[in-house]
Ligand SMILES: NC(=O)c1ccc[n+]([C@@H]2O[C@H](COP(=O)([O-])OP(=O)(O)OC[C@H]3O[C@@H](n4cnc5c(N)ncnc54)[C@H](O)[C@@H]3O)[C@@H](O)[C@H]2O)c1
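The form predicted alone is given below as one chain in structure tokens.
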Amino acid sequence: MKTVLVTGAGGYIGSVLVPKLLQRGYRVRALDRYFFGIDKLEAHPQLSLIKEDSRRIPEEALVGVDAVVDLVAISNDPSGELFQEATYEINHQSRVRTAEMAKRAGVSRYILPSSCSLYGFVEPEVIVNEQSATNPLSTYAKANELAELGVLPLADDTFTVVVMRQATVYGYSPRMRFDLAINGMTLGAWKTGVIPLMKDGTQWRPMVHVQDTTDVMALLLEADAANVNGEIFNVGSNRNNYQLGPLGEEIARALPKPVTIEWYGDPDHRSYRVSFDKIEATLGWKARWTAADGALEIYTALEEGCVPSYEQTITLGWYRELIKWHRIIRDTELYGGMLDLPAQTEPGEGQ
């Protein structure tokens, strides 16, 4: 039985990946700060939970590990811009450090889930592939690129390193996020019958379902090293390259209620069309989900009450809430408690 260390295991993608790996017979060490709750991962005899910050992973956490899926990240552009220093520390430096420790510990495979946002902006007629120049526009994208540049040179005959440039992820997850394009559109349609869409709708964006991208992670754990070592793969599908305006219209048609589109904000300057020919040709993998499938899946989950709390589903909002309450608790607690205090130790006791 192989052991896989998954960092960011309690997050949006991790809480889908971990059960999938357990089902496939892996032993999993799930490492996370668990900002969004430790309850997103169900107990399993082959699952070990490690509550730790990726910047402080001890060497012993990698002893006996066969592979690492280094999912940990401050996710999305707004969070990256507000917490720039932490984003570079976590998304870049901590992942390079983890890869270096993994190699020293004798781990045989390291998978870095990165992002297609590295492509930033390209002209509408251009379709980028893994050899295209990158143009990261945000702190999140820049930190991911630095992580790629840091881990790929570690690849050798005994240490397989693979980079996944994921399209924008969508779909239902136990740690649900509604700050992702398709997910947010679907929530708006379900709550108000209105899809909120950032102007002007002509920008291109590739999409990938969370089940599809975690399938790729599982596939890369077993793929022949000769086919994947030192390689970058765009993860998504050509049919899931969307302009945001037509994407909103497709989602509106897929849902079982009348839906309109409402434009907001300033035009998004990110726009990139991506080729996914390499992963299909090299690994024979094809995405199964479409945007319409994912929107209907999320709509059904909302109807069935599978998203009990919305306060955690906007990543930046939840980070801000945690910081606010950390400050309140730090300023209010005394002797390690609030109303109930630990028993006072008398002089001489416990000596």
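Model, not experiment: these values are computed from the prediction. In case it trips you up, residue 1 is the first one in the sequence shown, and so on.
What comes next is about the form predicted together with the ligand, which does not appear here.
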For this session: Verify the contact flag for His326: yes if a non-hydrogen atom of it lies within 4.5 Å of a non-hydrogen atom of the ligand in the predicted bound form, no if not.
Result: no
Exercise. Val151: heavy atom within 4.5 Å of the ligand in the predicted bound form?
Worked result: no
Exercise. Quick one: is Tyr319 in contact with the ligand in the predicted bound form, heavy atoms, 4.5 Å cut-off?
Worked result: yes
For this session: Verify the contact flag for Ser114: yes if a non-hydrogen atom of it lies within 4.5 Å of a non-hydrogen atom of the ligand in the predicted bound form, no if not.
Result: yes
For this session: Mind telling me which stretch in 126-134, 259-267, 74-82, 274-282 gets its heavy atoms within 4.5 Å of the ligand in the predicted bound form?
Result: 74-82
Exercise. Which residue among Thr98, Thr186, Asn144, Thr214 has a heavy atom within 4.5 angstroms of the ligand in the predicted bound form?
Worked result: Asn144
For this session: Have a look at Leu197, Ala252, Leu180, Val163 for me and say which one sits with a heavy atom within 4.5 Å of the ligand in the predicted bound form.
Result: Leu180
Exercise. Which residues, if any, of 243-269 lie within 4.5 Å of the ligand in the predicted bound form when only heavy atoms count?
Worked result: none
